[in-house]
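Here's a solo chain for you in structure tokens, the form predicted on its own.
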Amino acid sequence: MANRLPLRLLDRRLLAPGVLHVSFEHRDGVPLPFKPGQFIQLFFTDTDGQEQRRSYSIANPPPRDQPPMQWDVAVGLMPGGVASGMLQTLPLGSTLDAGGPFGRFHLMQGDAPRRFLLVATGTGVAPFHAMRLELERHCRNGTDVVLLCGARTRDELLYRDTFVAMAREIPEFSYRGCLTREAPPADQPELVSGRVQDTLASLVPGRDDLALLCGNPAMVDDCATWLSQAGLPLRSIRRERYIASG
């Protein structure tokens, strides 16, 4: 228990169909430092009195000039899901124990690729949303960044408006929403048909690229295998698999 943090539920809203955006602060009002791309664990007790834990990537970028004071997470809502059901009904102001932040799925100080290739499905885009200020700095220094997000329909593309606006403002940043169950409208060129794997193959990756893959385990493994065969060294492929647990 010594390494656990008491978090207070600040806010909750529907981010997209089937996805909840949840915000926490430290109960005592102290900063919550993290590296964009890391995740936290939430602890709670189920109806049988058993302790449960669930892991969620931090979705908010840290402020530019002050310590981060909150953690936001994107929670997929699963029918009968114990954790998602709890987070849907937990009163604002309630406290949960948390652990973290954990993980090495983040940008490193020495990263200097020719291009970042970021690939996500579903809530796997959350860590890239947290990284966006860092990615913007890389773009301003001349590095290209490509973000591919996969979903069934455009309504399920999380943080899409933010990324589309970023692409309009920064020539070095490009965004593609890959839809598997909906034809993309002609007036929204950032949307394409098919899986993220298909669009990734069209980018002609090279060994000077750096790839970060997050989301469905099958997608992550498919992309990692293909990128390795395309010539990316293993050190240039970072993975974070999301396994739905409810």
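In this text, residue numbers run from 1 along the sequence as written. This is a predicted model, so every value here is computed, not measured.
Beyond the structure shown, there is the form predicted in complex with a small molecule, which is absent from this document and is the topic of what follows.
Mapping the unseen interface onto this chain, A151 counts among the residues with a heavy atom inside 4.5 Å of the small molecule in the predicted complex. At a distance threshold of 4.5 angstroms between non-hydrogen atoms, K35 is out of contact with the small molecule in the predicted complex. Using a 4.5 angstroms limit between non-hydrogen atoms, Q197 touches the small molecule in the predicted complex. Shown alone here, Q70 lies farther than 4.5 Å from the small molecule in the predicted complex, counting heavy atoms only. None of 175-183, 27-35, 60-68, 204-212 except one has non-hydrogen atoms within 4.5 angstroms of the small molecule in the predicted complex; the exception is 175-183.
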